[in-house]
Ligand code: 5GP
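Just the one chain here, laid out as structure tokens, in the form predicted alone.
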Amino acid sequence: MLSNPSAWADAEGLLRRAHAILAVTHVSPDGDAIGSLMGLTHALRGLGKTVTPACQDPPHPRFEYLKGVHDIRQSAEGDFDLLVVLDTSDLARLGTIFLPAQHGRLPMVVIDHHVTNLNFGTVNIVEPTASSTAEIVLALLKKMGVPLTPDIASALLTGVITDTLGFRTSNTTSNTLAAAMELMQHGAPLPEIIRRALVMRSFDSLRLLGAGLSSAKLEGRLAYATLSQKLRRELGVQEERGDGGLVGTLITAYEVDVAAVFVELTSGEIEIGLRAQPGFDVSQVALEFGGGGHAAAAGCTLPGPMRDAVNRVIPRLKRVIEET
């Protein structure tokens, strides 16, 4: 961490001087996106700043245990003097929340750990060796001398836990465990966060997972599945986005090196989740198709129909396996 000390110092200066801050994260926010967003929001509000957290898509109900999560707005109009972008590798991943005419003139601090980050901010704190963006936010808050409250700690530990799948991924380091211990010491309930963020899921998600598994395909060492809007209607699933944990389940099969799930949105676009076993890298595939992520977990969104998206992505994923 602190690979670019001057960037960290510049980011701290911008945060301290700002009065009205817009903090945003990527579409279809995961636990690290929501945890980092809310952790930084609580911390900066504690410094007397006016902070507006925003995201194109509302957070999943599983994160309702985090204080203030319902304050996250799905629009970002207003007067701000600083934009902070969290856990997002490029501006396109912000979706409709980013308004170029209004936000393009603002100084922008980018805080992220994705290796595919395009360093698009005025100041970029991008640390690919960190387990999560939440781990970076914690380091920044400590550098700034911000006191950690239970609300800040719980949000940041949510980010760490979800992006490491409960300390099970290769990006888990001794620094990650030390960060988790520190957050627990400041009031973050580890067992409850693991239960709420990783274990519990809706009955709709279970139905979607079951249907997706029953229709999944295995071609060589590649597993993939499609989840159409028609299937969601047949199952009575209300959530437009999400795969019910399907891509994360497919990659656990012994026979699978790379997994992909294609989710049809009501807009007709296809949201694609990618996972890989250690030694394989799906981040560059996601980047080629306008997305981003990590070697082991990445994603992108393509125009429909489903058939075209599958035909574009599957051959590229097979090459990843063949060339590794």
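Note that the coordinates shown come from a computational prediction; the quantities given were computed from them, not determined experimentally. Sequential numbering from 1, following the sequence displayed.
The next section is about a form of this same protein that is not shown, the form predicted in complex with the ligand.
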| remark: Assert contact residue (the ligand, in the model of the complex, non-hydrogen atom within 4.5 Å, options C300, L15, A309, A23) equals C300
| query | Is there a heavy atom of H294 no more than 4.5 Å from a heavy atom of the ligand in the model of the complex? | reply | yes
| said: Residue-level question: is P53 within 4.5 Å of the ligand in the model of the complex, judged on heavy atoms? | reply: no
| request: Indicate whether the ligand has at least one heavy atom within 4.5 Å of a heavy atom of G273 in the model of the complex. | output: yes
| Looking at the partner-bound form in the model of the complex, is S89 within 4.5 Å of the ligand by any heavy atom? | yes
| Can you say which of 61-69, 284-292, 39-47, 252-260 gets within 4.5 Å of the ligand in the model of the complex, counting heavy atoms only? | 284-292
